[in-house]
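Just one chain is shown here, as structure tokens, and it is the form predicted alone.
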Amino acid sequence: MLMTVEVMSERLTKTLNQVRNDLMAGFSDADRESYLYLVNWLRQADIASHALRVGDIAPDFLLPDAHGRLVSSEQLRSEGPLVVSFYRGGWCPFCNAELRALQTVKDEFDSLQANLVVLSPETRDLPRQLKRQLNLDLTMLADVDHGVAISYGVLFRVPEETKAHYSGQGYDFGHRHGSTEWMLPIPATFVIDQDGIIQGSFVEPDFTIRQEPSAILSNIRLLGPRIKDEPPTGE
């Protein structure tokens, strides 16, 4: 079983790297200039330093899933470790590659009794469309008004130069987010234990780089066996 996971992780690494390299190789000069500008801007502004860290208390949330049903983080972490992943939206191919990679190892999350939720800044029917388009069986939550991204310290206002580039490519964040505010999360992954404490944090301003699913699984395993709430015996 362990070997299977290792082989799977190796393949995922190659897949993510290949997608990243392929996409970046296809960048136009304008794409590359915009990419470098945004990453440098985020690093110079030190946006990532505002993110929650290992040892911090993870804010709980209640958000609608792709079908409009409310999902409670408190309930999910009562069942086992909780993994919260922020992504930019279905328009981002790097995000879609990450989602596919997470889908591939979903059974491993299940075997560790860990819940995984991916938080999208997109609302309306977009999360459901993305699930259908990518054939995902992941819990996708709409971070309405970016409230959770703010509480985790991963939200930033898109600079005007990047806004102009994305607008030129036809991205309408006003439609996708239900707001005229141009806000995006830095892609990030947090592993939260059953007490609500962050035990793993990956926050990378370079949106083309994502945490490997194998690293997330390793972090969960370090938490040890799940402490399951046993049903009352009546004694």
Partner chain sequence: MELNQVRYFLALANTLNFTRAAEMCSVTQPALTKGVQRLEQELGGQLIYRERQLTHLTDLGKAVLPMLERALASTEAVRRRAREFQQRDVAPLAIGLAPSISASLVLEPIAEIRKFVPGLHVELREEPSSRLVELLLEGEVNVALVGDLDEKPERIDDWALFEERYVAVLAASHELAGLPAIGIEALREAIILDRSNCDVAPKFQRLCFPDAPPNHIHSSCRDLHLQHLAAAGFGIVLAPEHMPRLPSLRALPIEGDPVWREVRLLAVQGRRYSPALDAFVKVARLRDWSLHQSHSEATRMSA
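Numbering follows the first chain given and starts at 1. Note that this is a predicted model, so its numbers are computed, not measured.
In what follows, reference is made to the form predicted together with the partner chain, a form of this protein that is not presented.
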property: Listed residue that, although the partner chain is not shown, lies within 4.5 Å of it in the predicted complex (heavy atoms), from F61, F202, Y35, Y166; result: F61
property: Sole residue of L99, A114, L130, V148 within 4.5 Å of the partner chain in the predicted complex, by heavy atom; result: V148
property: Contact test, all of S49, S72 and E181, partner the partner chain in the predicted complex, heavy atom 4.5 Å; result: yes
property: Segment that reaches the partner chain in the predicted complex - one of 77-85, 118-126, 90-98, 103-111, heavy atoms within 4.5 Å; result: 118-126
property: Interface membership of Y171, the partner chain in the predicted complex, 4.5 Å heavy atom rule; result: no
property: In the predicted complex, F27 touching the partner chain (heavy atom, 4.5 Å); result: no
property: Contact test in the predicted complex: A66 vs the partner chain, heavy atoms, 4.5 Å; result: yes
property: Distance check, V39 to the partner chain in the predicted complex, heavy atom within 4.5 Å; result: no
